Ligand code: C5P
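A single chain, nothing else alongside it, follows as structure tokens in the form predicted on its own.
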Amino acid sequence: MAELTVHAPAKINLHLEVLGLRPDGFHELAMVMQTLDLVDTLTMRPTADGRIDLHCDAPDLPTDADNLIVRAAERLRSHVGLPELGARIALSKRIPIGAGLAGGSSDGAAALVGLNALWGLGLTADQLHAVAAGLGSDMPFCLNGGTQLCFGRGEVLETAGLSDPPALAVLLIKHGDAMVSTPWAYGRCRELRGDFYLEREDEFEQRRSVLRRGPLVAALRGEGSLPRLRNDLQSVVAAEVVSVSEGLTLLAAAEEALAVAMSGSGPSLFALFADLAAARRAATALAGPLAAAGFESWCCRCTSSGASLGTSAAVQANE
């Protein structure tokens, strides 16, 4: 195989609930995650020199072992016992870096999908998931994509029962200078909310069951209107990152917005709309205030695919 292309879609958190602490020190989470048609693109060729050579059009992004693409490639060839496998990979970035949109995890998942095909390894989806789970909590979801309930650290997936993506569009914004450390956000959450953490597995499962049967999942299936979105990290981050509180206020002013929230640990923020036309109208109406406050923006659709080969992922132009 001379060359192949893999698409790596961004994700947003439609729900993020911090349930408590796990024995391994990570937080036990109950989430709903959704992929978008804002994607990075990986182009890869096999090499015979045993090197993983990554190039990226974003100069600030590391291309050594700090990048999940390189780590995923090294883990994959170690998993199959073929250290001589090599690849030259070019990454075209469109997902904002450090934005709470799983751009790095999605790129890593795309590397697993692409190199499995490029190197002719023939690993099953379950085998790729096992490799992905060892690399990052979001990576199993990034392999699957679509609309998923995510439990544990985020690596335990359940389908939300949707065969098609929700008929929703997203206005996504990120301040150009804002960065949020995920460990810091969870650490502050523990400091501020730790007294309310659940402790037992039966308590965790009760909260999972509430989410499965709740109004958000029903609305995503087309059964009722969207409730207010929950992200337990949002109030923690918004209290200390000015651009997050300002951006939420700006998005809440959009006339047709159905719901507004922060994604993950931030600093990206989003508003949901009934369709792409409504999202674009909101982007136009807010263009001046967003630009004045230092925000970039994108209009996106919800999609049903995760990391995928070829042209199966719809790629939208930046809005």
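For every residue, the number given is its place in the sequence shown, counted from 1. On a predicted model such as this, the values are computed, not experimentally measured, just so you know.
A second form of this protein, the form predicted in complex with cytidine-5'-monophosphate, is not displayed here; the remarks below concern that form.
- This chain lacks the partner; the member of L272, I69, L251, L29 within 4.5 angstroms of cytidine-5'-monophosphate in the model of the complex by a non-hydrogen atom is L29.
- This chain appears without its partner; in the model of the complex, the one residue of G222, G81, P183, G120 with a heavy atom within 4.5 Å of cytidine-5'-monophosphate is P183.
- Contact annotation for P166: none of its heavy atoms lies within 4.5 Å of cytidine-5'-monophosphate in the model of the complex.
- In the model of the complex, at least one heavy atom of R153 sits within 4.5 Å of a heavy atom of cytidine-5'-monophosphate.
- Although the partner is absent here, S137 lies within 4.5 Å of cytidine-5'-monophosphate in the model of the complex, judged by heavy atoms.
- Contact with cytidine-5'-monophosphate in the model of the complex, defined as any heavy atom within 4.5 Å, is confined among 129-137, 243-251, 87-95, 167-175 to 129-137.
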